[in-house]
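A single chain, nothing else alongside it, follows as structure tokens in the form predicted on its own.
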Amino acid sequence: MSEVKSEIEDIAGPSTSGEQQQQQQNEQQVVATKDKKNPDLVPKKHRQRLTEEKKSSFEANPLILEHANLESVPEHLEKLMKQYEENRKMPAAEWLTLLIYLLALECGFVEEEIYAQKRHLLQPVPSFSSFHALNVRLLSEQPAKYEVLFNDTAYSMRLRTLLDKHAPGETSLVAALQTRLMAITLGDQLMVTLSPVPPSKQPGYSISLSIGRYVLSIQAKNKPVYHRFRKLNELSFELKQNVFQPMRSQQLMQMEHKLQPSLLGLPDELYHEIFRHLNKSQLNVVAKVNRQLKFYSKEVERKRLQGGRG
């Protein structure tokens, strides 16, 4: 019996020590896990760097809707939406229409009535650009002006395109800058159309947007209105590429404006300053591009013959 007991003790002894070892390992793992999760044990330099990175990422608000997120939105979106805080029960289609209006502002358009009131404060927008931050912020400080039609299922506003000159002289040119934006609710879709005003025979541009894709039907309590908005980068791309930019380009071409920065769009006095650095063979190459550059290159040659290189 004593031999059996000793064998049992020998067997039990290692088993008990094994359990203790396993328990100690588990305790060490728990302590190690707590140490990893405890921020006080993280090196101070490392914690400070992460804090600085977080602050720097939210230092400035994005300039356009395309870069908006739930934590940071453009100033003009925040300004406009604050004016509709008491109208939170508006249809989702109307909220989407307001987003479309903000994108129109980013593309160099302005509502006609607001333009008449603020034209002396608006900055000129060059033909090769469309976004002017100061103009957008100024125009977003008051509510959008639009008509609600057909039992709250359609929205209409008159727009005008901003250029580098506020008021073209001819009436035909003023009409070329005017458009009408229509947004019509068709089920869960919003049909958006931007058309030139009569008597223009130029085409308009349209796009169909899913309302629920960009505006949630539920408003969270104690949250800003813009927390209902989703996929603003996609909405911005679709409207700018398919509606606003094509219309602006069409208007500028109709007025014979240069659409992109180019050598042909410079003021006349700059051509001599540029071409005077070219020798005769280089001027001959430039003259072969088109009639306009040929004229300026010959002018530079003529001035050289009259009074030297400069």
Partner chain sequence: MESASAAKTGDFFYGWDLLYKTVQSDVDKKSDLLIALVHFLLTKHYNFRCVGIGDDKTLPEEEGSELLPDNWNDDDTKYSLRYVHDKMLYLLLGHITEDALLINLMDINTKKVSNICVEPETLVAAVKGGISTLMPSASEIVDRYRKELLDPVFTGNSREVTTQTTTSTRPSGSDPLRIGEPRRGG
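Numbering follows the first chain given and starts at 1. Here, rigid core means the biggest group of C-alpha atoms that superpose within 1.5 Å across both forms. In this text the structure is predicted, and so the values were computed from the model without any measurement.
The following text describes the form predicted in complex with its partner chain, which does not appear among the structures shown.
- Listed residues N135, T161, T193, S236 were compared with its partner chain in the predicted bound form; T193 is the one with a heavy atom within 4.5 Å.
- Put simply, of G212, P143, P203, P124 only one has a heavy atom within 4.5 Å of its partner chain in the predicted bound form, and it is P203.
- For the chain shown alone, D188 is a contact residue for its partner chain in the predicted bound form, at least one non-hydrogen atom being within 4.5 angstroms.
- Not displayed here, its partner chain is approached by I207 to within 4.5 Å at the level of heavy atoms in the predicted bound form.
- Using a 4.5 angstroms threshold between heavy atoms, N284 stays clear of its partner chain in the predicted bound form.
- Looking at K118, you'd find every heavy atom of it more than 4.5 angstroms from its partner chain in the predicted bound form.
- Heavy atoms within 4.5 Å of its partner chain in the predicted bound form are found in one stretch of 104-112, 226-234, 176-184, 74-82, which is 176-184.
- Counting a residue when any of its non-hydrogen atoms is within 4.5 Å of its partner chain in the predicted bound form, there are no hits in 129-148.
- Once the rigid core is used as the reference frame, the Cα position of V285 differs between the shown form and the other one by 2 Å or more.
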